[in-house]
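Shown here is one chain on its own, the form predicted alone, set out as structure tokens.
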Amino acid sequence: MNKIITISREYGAGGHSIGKGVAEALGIPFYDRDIVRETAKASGFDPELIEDEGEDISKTDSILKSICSASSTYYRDTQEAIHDVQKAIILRFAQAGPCVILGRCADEILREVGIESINVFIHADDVHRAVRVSELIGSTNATEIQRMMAKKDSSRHTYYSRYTGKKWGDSKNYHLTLDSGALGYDLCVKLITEVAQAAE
């Protein structure tokens, strides 16, 4: 199996850190914000907007259409346009060789075209996630942290369901589901790396 690894993750479960660690351990590229930059280049949409809204369909349409009204004349749906561009970029990265791709329905995008990948879902309990989210948003307010976790997870669930027709986080959709709170980031990296190496 080609060492293409996709990582889906709950907000605050450390998917970015784990994905980056796996890529470093295997000596292959890690794609997350690179997808945002390439999408911005190809579409003309604002990079910050794409990063904020890339996996969030709850408010994207109204924001994008107000900011990028000119682009809206060319696309029936600006959210669909961003997804289509990201899909093409993900396929280009995967076709170039082994890599780790974070989020954005990469698992299903590759499956649809017959590109083999190892698909991973990272989750954790609320306590471990809250500590990480507190660092990410720079707040220790428990209500704010819980609200952000629920909002991000809901958005990712809706986005994944919309573009794959499948349930986000359902273990049947992944080769590995790992609890980063119980296992720790380092062990998650080790397990994913070992699976990728054994699958060669």
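Residues carry their position along the shown sequence, with the first being 1. Worth saying up front: this structure is predicted, and the values here are computed from it rather than measured.
Although it is not shown, the form predicted together with another copy of the chain is what the next lines describe.
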{"property": "Whether Gln79, Asp84 and Ile115 all lie within 4.5 angstroms of another copy of the chain in the predicted complex by heavy atom", "result": "no"}
{"property": "Another copy of the chain contact in the predicted complex: Ala25, any heavy atom under 4.5 Å", "result": "no"}
{"property": "is_contact(Ala124, another copy of the chain) in the predicted complex, heavy atom dist at most 4.5 Å", "result": "yes"}
{"property": "In the predicted complex, Ser171 touching another copy of the chain (heavy atom, 4.5 Å)", "result": "yes"}
{"property": "is_contact(Leu178, another copy of the chain) in the predicted complex, heavy atom dist at most 4.5 Å", "result": "yes"}
{"property": "Sequence-ordered residues of 172-198 touching another copy of the chain in the predicted complex, heavy atom within 4.5 Å", "result": "Lys172, Tyr174, His175, Leu176, Thr177, Leu178, Asp179, Ala182, Leu183, Leu187, Lys190, Leu191, Glu194, Val195, Ala198"}
